[in-house]
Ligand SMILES: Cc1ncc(COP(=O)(O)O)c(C=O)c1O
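The chain below stands alone and is given as structure tokens, in the form predicted on its own.
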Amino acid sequence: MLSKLIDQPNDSIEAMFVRLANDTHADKIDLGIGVFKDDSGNVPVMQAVRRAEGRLFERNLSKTYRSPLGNLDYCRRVEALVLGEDHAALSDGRIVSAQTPGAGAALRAAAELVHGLSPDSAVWVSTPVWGHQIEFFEQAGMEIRSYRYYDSQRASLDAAGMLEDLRSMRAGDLLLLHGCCHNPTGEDLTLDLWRAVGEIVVETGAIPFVDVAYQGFGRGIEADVTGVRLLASSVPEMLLTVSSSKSFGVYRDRAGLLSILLPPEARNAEAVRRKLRDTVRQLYFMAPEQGAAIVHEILSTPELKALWRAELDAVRARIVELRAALRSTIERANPGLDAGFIERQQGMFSCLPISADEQLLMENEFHIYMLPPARVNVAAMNREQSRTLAEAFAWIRAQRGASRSEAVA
């Protein structure tokens, strides 16, 4: 059987990681993987996480199995963190959740559940979007449709194009939205756009599916989910996935959430719960416990929660500082260029306005590695790398200008 396998090409993301691993240059710069790094290039562990781990260890908790729905105490805490303690779905028992192995597994489980219930439903994803998200829906057999979101050459949101495209959604289609710090662009919806999207959802009968992976990395823990809360209060039903990887720095512990917000008139919460339970059991049986236990310990312990919020605020402040520095260095190296989009955008990522060929040229000449479409992980940079990136971008633009001159000649 295995001898029949043929070699499969890497997708663009994996291919970049292979090139990075094979590059022996001493000063190569990895701006691809989505992790926060300190000035020394390390991925720090929060003190709140270390203390929570210690408290859990001291209690000598059992490692026996939980339900396929996982740690429901974790679910309740994270639901409230995103939606707010007073959201009607929580108080009315209209939310059904599962703790999952990160947001990736949550997306995959949701795709499986929706396709099983409504095989004709499509999922609408932004252009561009984080590539692996599309794979989860493809593997479930769902049709993928795209809506305009970001004009890469102008480095700005295409709001008019987005709203025009979304009016073509059908009843039962899923609309995938990033709750904050859009991946890969860092370009977020305004509250007015969140409101407009909610109106289109109600008109078309589509179901919003909001992925929250970077809460606290943009404008603040509460401010980052203002749009999500507005949408959740204005639509009859919604799907929600949450990743704890970035906000708590528990990347490899794989703690995530899948929540289904039911309509106010729904009377089938238990049937939905059983269907969700069976779906995740058939996909991966049960989620790992450690990451969820750590997050629950932090959110349920006032002193740890306060420490975590302070640490996350410090991470956000550093990202804001790095964005300002990158804008400044790019504008100094590129006279006449307005790089204000870098400082305006939110979270880890921004996309440079360069082509795929120019991105590869930047790798070859400057050993700077980014994921498509020229996605820069600002949160992984230091000031020296910022200067190198600015110089590389200036060189790319100069080469572009030279090529145009030659073409005219």
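Start at 1 with the first residue shown and count on from there. All values reported here derive from a predicted model rather than from experimental measurement.
Missing here is the form predicted together with the named molecule; even so, the following discussion is about that form.
Undergrad: Please pick, from Gly220, Pro128, Pro288, Gly104, the one residue with any non-hydrogen atom lying within 4.5 angstroms of the named molecule in the predicted bound form.
TA: Answer to the contact question: Gly104.
Undergrad: Among Tyr150, Phe248, Trp124, Tyr214, which has at least one heavy atom within 4.5 Å of the named molecule in the predicted bound form?
TA: Of the listed residues, the single hit is Tyr214.
Undergrad: Would all three of Asn183, Ser243 and Arg254 be in contact with the named molecule in the predicted bound form, where contact means some heavy atom lies within 4.5 Å?
TA: Yes, each of Asn183, Ser243 and Arg254 comes within 4.5 Å of the named molecule in the predicted bound form.
Undergrad: Is it the case that His178, even though its partner is missing from this view, gets within 4.5 Å of the named molecule in the predicted bound form, heavy atoms only?
TA: So His178 counts as contacting the named molecule.
Undergrad: Contact with the named molecule in the predicted bound form for Ser97, defined as at least one heavy atom pair within 4.5 Å: yes or no?
TA: Looking in the predicted bound form, residue contacts with the named molecule do not include Ser97, since no heavy atom lies within 4.5 Å.
Undergrad: Looking in the predicted bound form, any heavy atom of Gln133 within 4.5 Å of the named molecule?
TA: Output for Gln133 is yes: heavy atoms within 4.5 Å of the named molecule.
Undergrad: Tell me which stretch of 104-112, 321-329, 186-194, 298-306 has a heavy atom within 4.5 angstroms of the named molecule in the predicted bound form.
TA: Looking at the partner contacts, the answer comes out as 104-112.
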